[in-house]
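What follows is one chain in structure tokens, specifically the form predicted on its own.
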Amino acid sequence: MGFKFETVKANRISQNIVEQIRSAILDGELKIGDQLPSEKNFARHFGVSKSSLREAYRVLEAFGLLEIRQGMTGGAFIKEVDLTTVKNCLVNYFFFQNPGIRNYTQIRTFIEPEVVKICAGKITDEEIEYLENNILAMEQEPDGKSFISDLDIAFHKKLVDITGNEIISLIVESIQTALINIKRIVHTDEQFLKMVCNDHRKIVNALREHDPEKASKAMLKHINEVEKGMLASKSGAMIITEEGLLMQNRKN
């Protein structure tokens, strides 16, 4: 066996295995598609039980670094981490950290006005048409179900896709998904949905004119209006504050 893995300490067995395999991947010793040794041989090499090795595998699977295949040609294979896995991890992080709405607004303010500046210089007629159809679909969703699950994210995703920057796409999509989850909890109302549609239309109008400054100002205004609207929402079981989500106190 050509790997330089070491036996592990008993008090942090699975974590030690995870760290060694992850380091081997990042150092280039293990490459995408490589198959790890059999569980029996690998567990013996580490000096651990199969159950400890499998626990480490589960962690690496959650990280998106490992794929476990079943059957005669199965085994543990090194996998390329995809954007969906990373995005889901970020969304989960946002959920458990419960950041305040101001944190979301600040990061959006840093990124999204610049995104539409880029879009203004390169957006096509077909992309303008896509965004316009997206807004029309939003306006036909008075209950907001498709709005919050698909359309709002699709609008912002299209903008970052136009930039061609996958890192920006990852960050913006993760933030948008986290915000959508919050909107479901705090029950934003029809007035909020109308505000979003109107703001989106102003952004698209600026993009149609290929005016980067106008588009940037429209996006910045939209981001701030979203914060105000979410802070004002009081109809759900929870409310969002500048510090994070809080359970509402309701009188029986």
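Numbers follow the displayed sequence, beginning with 1. So that the term is clear: the rigid core is the largest set of C-alpha atoms that superpose within 1.5 Å between two forms. Quick caveat, the model's predicted, so the values are computed rather than measured.
The form predicted in complex with the DNA is left out here; the points below concern that form.
Think of it this way: in the predicted complex, the DNA has a heavy atom of just one of M195, A62, I68, L220 within 4.5 Å, and the residue is I68. V48 is the sole member of A206, V48, V226, L30 with a non-hydrogen atom lying within 4.5 angstroms of the DNA in the predicted complex.
Only one of 209-217, 195-203, 22-30, 36-44 places residue heavy atoms within 4.5 angstroms of the DNA in the predicted complex, namely 36-44.
Put simply, I135 is far from the DNA in the predicted complex: not one heavy atom of it is within 4.5 Å. Taking the partner from elsewhere, I13 is found to have a heavy atom lying within 4.5 Å of the DNA in the predicted complex. With a 4.5 Å cutoff on heavy atoms, A76 counts as touching the DNA in the predicted complex.
Contacts to the DNA in the predicted complex (heavy atom within 4.5 Å) from stretch 200-227: none.
The Cα shift for I17 between this form and the one not shown, taken after rigid core superposition, is 2 angstroms or larger.
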